[in-house]
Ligand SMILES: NC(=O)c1ccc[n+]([C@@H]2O[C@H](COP(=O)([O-])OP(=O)(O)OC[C@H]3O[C@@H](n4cnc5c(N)ncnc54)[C@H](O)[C@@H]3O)[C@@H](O)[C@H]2O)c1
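Have a look below at one chain only, the form predicted on its own, in structure tokens format.
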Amino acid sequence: MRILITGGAGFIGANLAREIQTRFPSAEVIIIDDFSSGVSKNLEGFKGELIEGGVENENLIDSLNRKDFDVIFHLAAITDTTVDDREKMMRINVDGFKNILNLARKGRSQVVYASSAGVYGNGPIPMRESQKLSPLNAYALSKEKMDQMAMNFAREAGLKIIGLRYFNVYGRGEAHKGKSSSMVWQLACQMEQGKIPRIFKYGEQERDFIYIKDVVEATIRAMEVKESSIVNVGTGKKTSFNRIIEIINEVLGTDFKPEYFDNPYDFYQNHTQADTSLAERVLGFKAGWSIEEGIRDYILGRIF
């Protein structure tokens, strides 16, 4: 089996690459990453081929035509939701995805790609795949366009394409993401350093936080899906930022109280919560880590 992972030096990609090599030791795994957001440290222990470059580079993608991939996991993207350069966002996220789809068509490869809960904006919760989409920023808009392109391409080219709308992922390998890292990571870092955790007023924002180990499991299961589809990857539960601080306090044995400040973003998602019924039916996936268990495993692993 030959597998291509784009964005393989990034948070989800690197975790996925390691797990695939553990589960499928005979698989040939190739990673593409331009290291604009991924880091080489994430690839420690990776035994496959690494190609440095961006998926928006048509010549680079065309050079892969000599290889027939059984599965392409497409995770490469600009993931910073505060980037307001729409042209750049569309070139890398949307045009890059088009290049990957064309590569898949030539090799008759299955495609599993990263979509996002960001496409729902501040829509009603629990968020269902069939509801009206309301992207609030350039990143979310690019993911909406990718979803549309994927399903059109699947019908026209007869390919199996699975889109995974990841909710709020946290866990090992996200440290390099800076301000784009999860609130779990950002708050834990502050509190481990003895700093007062700072969150937007008044900490009542809620997220469907899902642990990276569950995300990798769902992503691998997507290889077995029989028909093209787009599904949520979340826990189906929401947790407030205030509660995250409480859990981290419990793990660290501290008693920090949050400092609240004004939210400067007018495109902010205040609440996310996945409807997971389609994922359970299509992927056979249900998150196994509670937020309490996930944070404890993450922090006590001291992977900071």
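Heads up: residue numbers just count along the shown sequence, starting at 1. Computed from a prediction, not measured in an experiment: that's the story for all the values here.
Keep in mind that the form predicted together with the named molecule is not shown, yet the notes after this line are about it.
The named molecule is not drawn, but in the predicted bound form it has a heavy atom within 4.5 Å of residue 92. Proximity of residue 186 to the named molecule in the predicted bound form: non-hydrogen atoms within 4.5 Å are absent; the residue sits far from the partner.
In the predicted bound form, none of the heavy atoms of residue 86 sits within 4.5 Å of a heavy atom of the named molecule. Not displayed here, the named molecule is kept clear of residue 207 by more than 4.5 Å at the level of heavy atoms in the predicted bound form.
This chain is displayed without the named molecule, yet in the predicted bound form the stretch 30 to 38 from 237 to 245, 30 to 38, 250 to 258, 265 to 273 comes within 4.5 Å of it by heavy atoms. Contacts of stretch 146 to 172 with the named molecule in the predicted bound form, defined by any heavy atom lying within 4.5 Å, are made by 166, 167, 168, 169, listed in sequence order.
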